[in-house]
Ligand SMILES: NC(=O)c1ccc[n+]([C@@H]2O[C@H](COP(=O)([O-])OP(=O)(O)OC[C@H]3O[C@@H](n4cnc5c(N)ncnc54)[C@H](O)[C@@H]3O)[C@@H](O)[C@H]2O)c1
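What follows is a single chain, given as structure tokens, in the form predicted on its own.
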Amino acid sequence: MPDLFETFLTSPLGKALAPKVGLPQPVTLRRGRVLPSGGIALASLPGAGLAAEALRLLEIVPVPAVRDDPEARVPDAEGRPKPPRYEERIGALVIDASTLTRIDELEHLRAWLRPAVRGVQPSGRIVLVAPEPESADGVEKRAVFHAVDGLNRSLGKELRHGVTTNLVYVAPGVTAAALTSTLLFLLEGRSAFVDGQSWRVGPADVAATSARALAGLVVVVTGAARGIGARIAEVAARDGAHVVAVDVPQAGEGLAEVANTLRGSALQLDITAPDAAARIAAHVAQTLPGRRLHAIVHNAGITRDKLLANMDESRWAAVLEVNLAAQVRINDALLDAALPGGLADGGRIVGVSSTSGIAGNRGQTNYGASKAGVVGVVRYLAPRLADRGITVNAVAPGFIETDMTAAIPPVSREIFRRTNSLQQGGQPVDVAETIGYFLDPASAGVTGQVIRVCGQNLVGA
């Protein structure tokens, strides 16, 4: 429910005053499995065809990209050269720079991006595709591949009206099919609150993504009774999964409602219990005989905020136990290939980190430590599970509108909402959709990644 401060900002007087004090009305973001209404423009460097083929597999017919070339500029009424522009606003621009090698080739990106900055419709998308820096075999290539990241992050802070930009690094050997899940996620409304980010797609033998990508697969979601966990469960079920919703017994009523609504199953469980993993696996084996887990999403978490000077051992231990130690134990047990109902080869482990674990946050030393630890789990397990086809990734939410953030004092809450490139708080579904992208079997080439769902938070971005 909106508080008095938020109600004032959305009133006629508030709408008039807010821009004068630097609080313009945020754009309503396009969300869900919805492509932009405008055309999707494609620009490719010479020899680059990866994005074009991925769009073809997605049955998306691109429109030509407009380019700012000096010879194409025409004088305005005052005789000044005016750059070319799109006749109609486009919904997205995809730039395939996967053959990029030289510094001077970055001019191509500037030339395509300049008309797009004003030519993309509200809640539109810019997607850059470039070679991963680790594949560079010379200093100029390495510098150029990193330069695209700086361009992407800076551009995100210039774009307005809910337009986002993101960079996809592709490893050598990546096929168009392996890129489809990432490209579709970024073009659709599912990526509404992912902005100014970059991550890697590696080679994978997969079919192109589909809307019901999780059909017939089993997904466990912890902390599923409400909030972000409930939204994760909903997205997984929408995409076809049988969801096992897990939460503590105290949340049993809400848990049952989520599971029943999604036609999944509920498991009342304290994840810190020594036998938590065994009980999860047994539930899967008994409820769905002969099936194994496709994925476990470690969403359950708690906060016990205090300045470190006031942090006692109980607050410290409780957060580290729920947010980190329990995940490590559960993963270790479910990875036993002989365990009935355990994690299948080709499966998914997804953790929930936080921008507090990346950039830090005052009064959250315990929480920040636990969420940074989740990143460590991802980095360690991803390469070690690659031979089983199991991917390990995490999301790092920023300011998300939940019951927890609703308890923040109104003025502070509004500041937190506004300190990102999209100038608003994210929704629980934004976190859920990014996790849904990780769960997609077509995302098999995405592992060891931590994607920030923060609207490009301006602190620690």
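The first residue of the sequence shown is number 1, and the count goes up from there. For clarity, every value in this text was computed on a predicted model and none was experimentally measured.
The same protein also has a form predicted in complex with this ligand, omitted here; what follows describes it.
A heavy atom within 4.5 Å of this ligand in the model of the complex is found for one listed residue only; from V218, V322, A204, L262, this is V322. Exactly one listed residue, out of S181, S354, T165, T391, brings a non-hydrogen atom to within 4.5 Å of this ligand in the model of the complex: S354. With this ligand left out of view, the stretch that reaches within 4.5 Å of it through heavy atoms in the model of the complex is, among 143-151, 81-89, 365-373, 98-106, 365-373. Among heavy atoms of D247, some come within 4.5 Å of this ligand in the model of the complex. This ligand is not shown here, but in the model of the complex it comes within 4.5 Å of a heavy atom of D270. Using a 4.5 angstroms threshold between heavy atoms, A251 counts as touching this ligand in the model of the complex.
In the model of the complex, this ligand stays beyond 4.5 Å of every heavy atom belonging to G119. Annotation for 389-412: interface residues with this ligand in the model of the complex are P397, G398, F399, I400, T402, D403, M404, T405 [heavy atom within 4.5 Å].
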